[in-house]
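One chain is shown next in structure tokens, namely the form predicted on its own.
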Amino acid sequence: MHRTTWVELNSTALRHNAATVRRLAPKAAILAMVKANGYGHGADWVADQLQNRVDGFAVARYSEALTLRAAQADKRILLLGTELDSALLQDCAAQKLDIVIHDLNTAKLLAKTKLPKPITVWLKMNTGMNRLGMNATEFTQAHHLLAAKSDIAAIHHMSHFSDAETVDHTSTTAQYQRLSSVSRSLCNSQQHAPISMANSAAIIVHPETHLDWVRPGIMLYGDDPSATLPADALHPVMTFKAKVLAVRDVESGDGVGYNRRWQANGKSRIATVAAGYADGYPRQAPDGTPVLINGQRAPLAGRVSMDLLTVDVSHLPSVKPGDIATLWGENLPAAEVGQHCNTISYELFTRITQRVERVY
């Protein structure tokens, strides 16, 4: 098949990364984050590869949950914090979805909503992230309110760390203690509510926070947000590739691309690659952002345009049209590219557009 721009998605790497999660958190159940179309990797594909390796999946939108439920008839699927009304609560119960309740008003609404099937609820407490979640008083009220409802199958307790990847562990420890303390006050040994706090960074750096459920996201896709794991602990799942369309010689002082941002200091060779911001490559990428061509590094030279980008290959005389450029992935971490572009691997992965072919 003729390809000019594509991403390769490696199932072996994905399963390896899930095994790393299991090794780091052997006593916890795993709730794999597959929101945003599996961080741009394809939620159905990720779930299919991991269905026997994790204990459930989580998404952020009801439409994502429905799509995933069609492919995963019996797996636990958690709908993360969103707006919930009575009709949607009933639909979630009918679809056997777990739901996150992050405010007291929704807990009260659920308490008086007749459900077609019992539902599992994850109560979210705000312990310092200050996005979604209840304070301790509201959280306690919501727990008691829903514990008295006959069609609540189970209640879980959860929160979200704000900076588990940082060297200073003060905030993470305080957040962990806040939820743990409130949860203990609500449950005795006969009424234990499973607790979930650990995201990828906490799974790696804070084993004391693994508790009952861990929620790996970016580490499943090959990035270590803590930058502390050995190099082979996680493998990149996505490799973004494109063909070299042209190679041309330019003279000293010649500019390349819009506004001639990059100008040659001497005679140079420029490779034009079939990828641009319409494919998801960041327009803000500065000159010098690394690209691999035939496995060798070369710097971006000139402004990224809609369909094309240009690379200085003066030191690579063998580069020719038809050669393959790797924009991130194997041997070029997305996190490194993200640092050059003042962003993170999460955004790079999720901004890949529909016109880019997926090769599984």
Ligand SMILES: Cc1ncc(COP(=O)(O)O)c(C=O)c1O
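Numbering starts at 1 and follows the sequence shown. The structure presented is a predicted model; accordingly, all values stated were derived computationally and were not measured.
What comes next is about the form predicted together with the ligand, which does not appear here.
Undergrad: Just one of Gly133, Gly280, Pro216, Pro236 has a heavy atom within 4.5 Å of the ligand in the predicted complex. Which one?
TA: Looking at Gly133, Gly280, Pro216, Pro236 one by one, just Pro216 meets the 4.5 Å heavy-atom criterion.
Undergrad: Give me the residue from Val121, Leu97, Leu80, Val205 that has a heavy atom within 4.5 Å of the ligand in the predicted complex.
TA: Going through each option in turn, the one that passes is Leu80.
Undergrad: Do Met33 and the ligand share at least one heavy atom pair within 4.5 Å in the predicted complex?
TA: Flag for Met33 set to yes.
Undergrad: Any of the heavy atoms of Thr127 lying within 4.5 Å of the ligand in the predicted complex?
TA: Residue-level check for Thr127: no, no contact with the ligand.
Undergrad: Please run the contact check for His102 against the ligand in the predicted complex: heavy atoms, 4.5 angstroms, yes or no?
TA: It does not: once the ligand is placed as it appears in the predicted complex, His102 has no heavy atom within 4.5 Å of it.
Undergrad: Is Tyr39 one of the residues lying within 4.5 Å of the ligand in the predicted complex, judged by heavy atom distances?
TA: Close contact exists here: in the predicted complex, Tyr39 approaches the ligand to within 4.5 Å, heavy atoms only.
Undergrad: Select, from the options 195-203, 174-182, 247-255, 262-270, the stretch whose residues sit within 4.5 angstroms of the ligand in the predicted complex by heavy atom distance.
TA: Correct option: 195-203.
Undergrad: Given a 4.5 Å distance limit between heavy atoms, list every residue of 338-360 close to the ligand in the predicted complex, or none if there are none.
TA: Residue within 4.5 Å: Tyr346 only.
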